[in-house]
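A single chain, nothing else alongside it, follows as structure tokens in the form predicted alone.
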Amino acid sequence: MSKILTVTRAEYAKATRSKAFLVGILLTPLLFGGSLIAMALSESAKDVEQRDFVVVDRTGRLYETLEESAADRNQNGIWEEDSPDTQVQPKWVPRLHEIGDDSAQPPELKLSNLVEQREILGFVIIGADLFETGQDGDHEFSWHTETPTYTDLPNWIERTVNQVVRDARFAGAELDQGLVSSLTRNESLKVLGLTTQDEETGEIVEAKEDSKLATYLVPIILAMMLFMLVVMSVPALMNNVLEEKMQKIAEVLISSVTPFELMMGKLLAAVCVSMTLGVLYLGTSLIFVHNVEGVPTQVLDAIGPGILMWFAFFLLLALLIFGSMFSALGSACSELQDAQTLMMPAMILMMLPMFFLGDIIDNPGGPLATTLSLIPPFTPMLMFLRMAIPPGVEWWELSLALPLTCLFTILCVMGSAKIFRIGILSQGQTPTYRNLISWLMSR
């Protein structure tokens, strides 16, 4: 045990004193901060170029409404609230297409040419019978453009036209639009927790409104951080083993320690490095959350001591499982190219839980989420995610998942140690999965 700790201390010191460790510490904040800076830059560099569009109004009743609504928006709705002289959205300028101008060719062709020549952004065609309630007639309502990803303008046209048409239809049916609006008004559904009773005082505690930030965002961030810490440490561990083998350093180390002690020392060092990064990231996040005003109390409750302890425990299991796998793969290879080929299935196995992230967040108590979280390689990430999402998991699920995962972790470490023992001294051969299986079955 003392030799394992000696290797652990040496590997941990080497990792934490390297430039790569400092880069790793700064990498995640820079990624998150860089995304925020990019968002701020995109906000300050908005495209405010004027958008011209043509209206083919076969009803003869809608163009004026579009023109007036666009003028009102251009005057009042596209400027910064705190700085009235700063334009933050482009102007929309409609132009009316005279129906009788193009007897020789359809208007769609001429207007399409204008779009291709960049004279207009697009054109909207409004059928002559759009106000009619029946199904027969010309009910065309279409937007033609070369840039379908720009949806602000067509969405605005759709809302504006539908409002006018709806009002006209109600008026034609002699219905009071105000009465219809009040009768068909949608009510907002609040999402609340459960009403409870204080056991000591007997007082009824009313249900509080759930915070989407605490319910969805916090569990996702914690699960992604767990996954990120594993991804940052495990491939680096494999590269470290492979590098020492290629430089014949491993042969010297094996003369002083057993292969198992060497592998476990490196594995525990990787665990300590990941735990150090986790403490730094989570500690910084907690300090930030506790010092920012307006953070809901549900967010502080969602990242309490209990969930942080489970985070550390599942991170430990994930690092031991995948760290031992990648250590074994690194020991079996003699060249970087061989390692890249062998590591692909292990990388897929490690990333597979992330493919089901959306389904599990949508239904954390469903059969898919329950089944996947009970499969040992996926348990550390998926079971933790389900625990972080209210209402958590059933007691029997933890009672089943924890022994299974701990047993699987022990088997992974023991099996990887067998491969490591043979692979770390093997030279001059390209490893195959058949070799790995034969080494795994050896005594």
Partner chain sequence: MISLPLIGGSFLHAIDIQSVTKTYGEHTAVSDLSLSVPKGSIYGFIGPNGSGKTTTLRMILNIIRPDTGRIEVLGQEGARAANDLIGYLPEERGLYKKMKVRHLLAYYGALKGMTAREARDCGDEWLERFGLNDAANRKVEALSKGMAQKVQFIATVLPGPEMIILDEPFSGLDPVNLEAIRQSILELSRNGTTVIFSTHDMSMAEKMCDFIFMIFRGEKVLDGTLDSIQKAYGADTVRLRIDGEQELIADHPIVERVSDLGQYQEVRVNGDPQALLESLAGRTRVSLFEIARPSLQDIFVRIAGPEAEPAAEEHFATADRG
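Numbering follows the first chain given and starts at 1. No experiment lies behind these values; they were computed from the predicted model shown.
Beyond the structure shown, there is the form predicted in complex with the partner chain, which is absent from this document and is the topic of what follows.
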property	result
Stretch from 123-131, 270-278, 313-321, 252-260 whose residues place a heavy atom within 4.5 Å of the partner chain in the model of the complex	252-260
The partner chain contact in the model of the complex: E244, any heavy atom under 4.5 Å	yes
Distance check, V7 to the partner chain in the model of the complex, heavy atom within 4.5 Å	yes
is_contact(H290, the partner chain) in the model of the complex, heavy atom dist at most 4.5 Å	no
Distance check, K14 to the partner chain in the model of the complex, heavy atom within 4.5 Å	yes
